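Listed next as structure tokens is one chain, alone, in the form predicted alone.
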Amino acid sequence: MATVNENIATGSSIDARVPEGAMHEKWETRIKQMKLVNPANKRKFEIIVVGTGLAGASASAALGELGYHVKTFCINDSPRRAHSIAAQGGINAAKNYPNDGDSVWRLFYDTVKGGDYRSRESNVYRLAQVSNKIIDHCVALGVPFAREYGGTLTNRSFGGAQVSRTFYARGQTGQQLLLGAYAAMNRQIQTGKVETFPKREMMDLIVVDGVARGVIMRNLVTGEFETHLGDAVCLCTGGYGNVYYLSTNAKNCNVTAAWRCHKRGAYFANPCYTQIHPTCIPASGSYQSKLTLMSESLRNDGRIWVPKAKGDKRPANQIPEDERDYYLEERYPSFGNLVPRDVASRAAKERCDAGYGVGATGQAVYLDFRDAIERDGKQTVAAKYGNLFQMYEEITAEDPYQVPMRIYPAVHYTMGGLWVDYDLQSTVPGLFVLGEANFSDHGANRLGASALMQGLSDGYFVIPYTIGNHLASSKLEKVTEDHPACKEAMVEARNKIESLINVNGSKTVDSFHRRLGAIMWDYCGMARTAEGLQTASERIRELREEFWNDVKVLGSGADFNQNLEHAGRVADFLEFAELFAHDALHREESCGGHFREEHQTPEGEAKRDDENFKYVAAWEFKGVGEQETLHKEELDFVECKPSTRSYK
């Protein structure tokens, strides 16, 4: 009987165009190789930036500062509402301020190891190199990082590291970094270099002679379609965690822009890599539309435990010390509560599945600050985490200073995304993909405080170089809205909207999204099996067919219509989810956030198969419901030799 992988059509291997030479010299080598755009000519180029989170806002600011004319689009009514604002804990950098043994190489090593040896070494090393510049730049922009009494920036530790390298602004780091990038972008708006378009959703990518030259946008207020042309497109639209319906992502987060680019020729890489974050407030009922993340920084001082006795329903404060199971500290004495997110999440699930979970549903573990408060005092703990404690109390009506928090894993971040080369360029020349929307830096698991680092690295320090090389190396003929490629993309975008309205069925959009999320969580969640993934594929196909026969979209396409917006995104999730399940099914190993029950060690840890799966899986679109072609980028680990990932 043929295996899944024997039935997959495989295309040519793909070249990431990584520079030759020593690892620490690759980025400098690449910079030397790049062609430059004369400063006087930069104003002649128009660059489209889709998304205004950390990657998009920083890219817009940096490109505007260089002199390019930038058109930047956001789905919200203000760039300040991008989901980056929700990031809490901090941003990594190899400054080694605490003098505890950190270095660029150590940050690089931790990130490659934390990603379970499924990221591209060269990109990760560049990320570690650039990390120190990010902190300096953000301080110059006025980001209020926490400081020691003497005025120097302070650090704290995060999961997957034994050094303190995380810079933070209480529990609002993402918000403060975004405000910094937003202010830098505003400066360029004032100079006229950056033009903003709020309340716009990208409906399609315009590809002319194989090169990305523009986008089709829909004005979400008026319903009008717009054609915007440029010399390059930067996609900075975040991840696709909302394919699970319940996640920590903002409700507006979606896969539509990336998926439409995929359908225009951009390969989609490693879609099955999803991060399940261990410290989220548990779901309390079926009515919920989203989940809330409690920062990973809480694991610095909070101790995670469950009762030693199954089904112990006593209040936490009545359970004696010797009847508590601090299972992370017991299993992983070296890292304790600061093991990486995938390890902590699986351990919580295992305890709850075994009957030791707490709370009304039994789907929670305790995160307890009793010892930290006794040791450091309530005032010190409040100074570090006060706003997070307040948020928890407002949501749960429980005071975490008095009783332990209840936490449970939830979908948080996606490591897969559009495939990009070393220059962050997709398989469609002229289409650059930044931040969470690309796949490049995190491998199969993202360490804490690395997402903010990647978004700002891509936006402030990588794309300003690489996009210039593309513009200086390409012969870009003038394109007008009359070009057949523009007309074709416009017609397809309009048809998609009209098709959604014309179904006129009986079921709500939200009901389909909720059912899709249940399939994804049950079969493509923290633990996956071949049988479950095959079931998921079949049910997703059936649900997609039902959606296009029975969805009811209220209102029209000629005005503000959030139901219609949601319908378009769910339609794309239904197509994307099948590729997600297929990617997870073909990857016959466990790595990072992708945990196949058939592939685990006797201790229940993820078991990689480096011999057969040490590659990036980049998929080429072949039609809705059709099997995509698999292209492989073989991963070469020169500096960090793959080994069993142990945190004991």
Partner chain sequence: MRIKLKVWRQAGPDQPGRLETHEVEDVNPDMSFLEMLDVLNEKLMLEGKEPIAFDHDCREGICGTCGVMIDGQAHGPNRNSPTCQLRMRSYKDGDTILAEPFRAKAFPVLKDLVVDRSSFDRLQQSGGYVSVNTGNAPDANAIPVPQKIAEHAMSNAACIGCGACVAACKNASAALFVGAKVSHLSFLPQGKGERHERVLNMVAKMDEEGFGACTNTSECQAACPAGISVQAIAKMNREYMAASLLAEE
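Numbering follows the first chain given and starts at 1. All values derive from a computational prediction rather than experimental measurement.
Although it is not shown, the form predicted together with the partner chain is what the next lines describe.
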| query | finding |
| --- | --- |
| Joint contact, 62, 97 and 252 to the partner chain in the predicted complex, by non-hydrogen atom at 4.5 Å | yes |
| Listed range touching the partner chain, judged in the predicted complex by heavy atoms within 4.5 Å, from 475-483, 89-97, 121-129, 207-215 | 89-97 |
| Sole residue of 547, 267, 182, 158 within 4.5 Å of the partner chain in the predicted complex, by heavy atom | 182 |
| Interface residue in the predicted complex among 256, 396, 427, 466, criterion: non-hydrogen atom within 4.5 angstroms of the partner chain | 396 |
| The partner chain contact in the predicted complex: residue 354, any heavy atom under 4.5 Å | no |
| Exercise: residue 239 in contact with the partner chain in the predicted complex, heavy atom 4.5 Å | no |
| is_contact(residue 555, the partner chain) in the predicted complex, heavy atom dist at most 4.5 Å | yes |
| 4.5 angstroms heavy atom contact with the partner chain in the predicted complex for residue 313 | no |
| Within 137-154, the residues that have a heavy atom no more than 4.5 Å from the partner chain in the predicted complex | 137, 139, 140, 141, 142, 144, 145, 147, 148, 149, 150, 151, 152, 153 |
